[in-house]
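Next comes just one chain, in structure tokens: the form predicted on its own.
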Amino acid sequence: MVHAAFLMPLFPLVGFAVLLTLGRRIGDPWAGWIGTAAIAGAFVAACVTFAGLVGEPASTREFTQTFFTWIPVGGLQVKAALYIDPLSMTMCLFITGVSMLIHLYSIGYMKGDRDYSKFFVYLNLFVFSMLVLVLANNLLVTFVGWEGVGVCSYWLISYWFQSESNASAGKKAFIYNRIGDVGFLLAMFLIFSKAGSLDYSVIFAHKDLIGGGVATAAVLLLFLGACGKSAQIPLFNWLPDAMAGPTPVSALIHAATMVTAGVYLLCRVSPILQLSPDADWVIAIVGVSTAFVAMTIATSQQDIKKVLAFSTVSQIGYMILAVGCGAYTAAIFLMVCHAFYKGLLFLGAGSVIHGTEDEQDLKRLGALRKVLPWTFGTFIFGWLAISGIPPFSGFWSKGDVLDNVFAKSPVLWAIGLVTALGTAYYMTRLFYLTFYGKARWREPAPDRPAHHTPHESPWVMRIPLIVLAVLASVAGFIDLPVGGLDFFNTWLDPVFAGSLYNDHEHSLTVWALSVTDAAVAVLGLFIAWRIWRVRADRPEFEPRFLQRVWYWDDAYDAIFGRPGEALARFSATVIEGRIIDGAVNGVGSLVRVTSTKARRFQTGYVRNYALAIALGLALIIAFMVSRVWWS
């Protein structure tokens, strides 16, 4: 059954091709159903392949499906091949499963859109690219999928490109990711120069050839690529602006594709990461710093989607922190659970936006629990899961990360714990401002003179919410820290053998850490409830410093943006206008002047030409006589 693996990327590729050629004729809603069916086919293929892999002994759960040799150049032999193992299979299952639900949701959310079929063209290509990324058996094919999700994210973020802000958001995401891609490419060149191959199996077999400073450089360059895709400091600014795209795009990027790519890449090359403890410390510090900074920013955002966007940056920071501590299984466990509850939260936010006629300002929502009962009921599960309340999935997965971090560094653990407190706080703030308090959507505003009554989403949007609510509740049970119930740990153990786990910790320590996690989550909920349960206007808890994202964008604008703009103006007016154009125009003017002067010698009279010949002949004779005389 593992031989069905090729069907996983094939289904979305076929869906992309069909929609690209026939989508406009098919139109709304059939284009959406075809796109959803394609991803559903990929999910079924993933389930079949998973069943086949589970049936194999743990030591042989890996399989390479080769199609052809793509680049045969001397020592560089790059094959178009798929690599199926527990890690890639785990990624494929939640990518296809969550993407299928987002596609189904999009059928209702995008109804009536002018470019309805084009939207699903992009979505299918997005999922195909992500599957290529995680199934590739070598770094170069991984990079093909890496670039595929990059360009699809650009198209989808700037999908409503008629708005200048949307177009700018797409370009911002594209540029930030290209910076990270430079790191990925340089790391590939460096690894190939030492290992002589880009295939993962060959690289890992010859990892001893990549040592010392080379290993550190390779890991840090790969981490730069991961920072671009997974929105980590210093390249995290693009992700909040990515909210300019339709909400299903936000859910797809945050839950199933794009931002998980960087974490996956680092986990895939974990044998290389283990060669450089110094680089691992850098990864862990950047991860915990990003988690903390993004958490603080999320506490003061007013746009419902931007709160969730910074929440994703923070949660990915936890995953990067786990990677830096060697807890690769914990990172993937959190990634899977995060896919469920963050997908639920984004789709729930989309349901709110859809039901309130595109209202995203938390200060203009409120009291929606009665008019949007399905959205409210399912959103509760996502809120409690991400807040870390037991027994929901976030409690187990985030707790697993923090337990491993505690074994590495109590200081990093303390910062992670404070971040967990802030996470429960800002998510409770979002929950109360959206569903409780006064019905602020009834109040007229300058850009909204009259209110309307919000409405619940159609069933095609509600089904994904219900499914994700169930998954967000129970996903944590796939890896319980109890003997015999840690299936996920056992499943990924062949991939991450030798990683840092919390198995060596005393059971009393594990219980104490778990109780602390739960107490901190409850405390965060309580603080937010006390502050936001009555009033929505609390500026003392929303400092401008945090609303302006720590002035991070302003700093980049001052350091890179304005000097770059000034350099562009100087280049346009001086370099281009005066030097380059001046040189070209000067040559033209010189030719024109000299040709005008030369025209005077072209009179057209034979006598003038005869005189010129005679003078020239006389000069030649005089020259020859002078030569004879002086000799």
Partner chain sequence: MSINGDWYLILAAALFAIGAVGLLVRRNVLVMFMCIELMLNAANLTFVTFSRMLGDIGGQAVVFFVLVVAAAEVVIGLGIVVTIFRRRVSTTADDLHVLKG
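This one's a predicted model, so the numbers in the text were calculated from it and none came from an experiment. Residue numbers count along the first chain shown, from 1.
Not pictured, yet referred to below: the form predicted together with the partner chain.
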* Asked: Does residue 570 reach the partner chain in the model of the complex if we count a contact as any heavy atom within 4.5 Å?
  -> no
* To do: Classify residue 603 as contacting or not contacting the partner chain in the model of the complex by the rule of any non-hydrogen atom within 4.5 angstroms, answering yes or no.
  => yes
* Answer yes if any heavy atom of residue 597 is within 4.5 Å of a heavy atom of the partner chain in the model of the complex; otherwise answer no. => no
* Could you tell me if residue 607 has a non-hydrogen atom within 4.5 Å of the partner chain in the model of the complex? -> yes
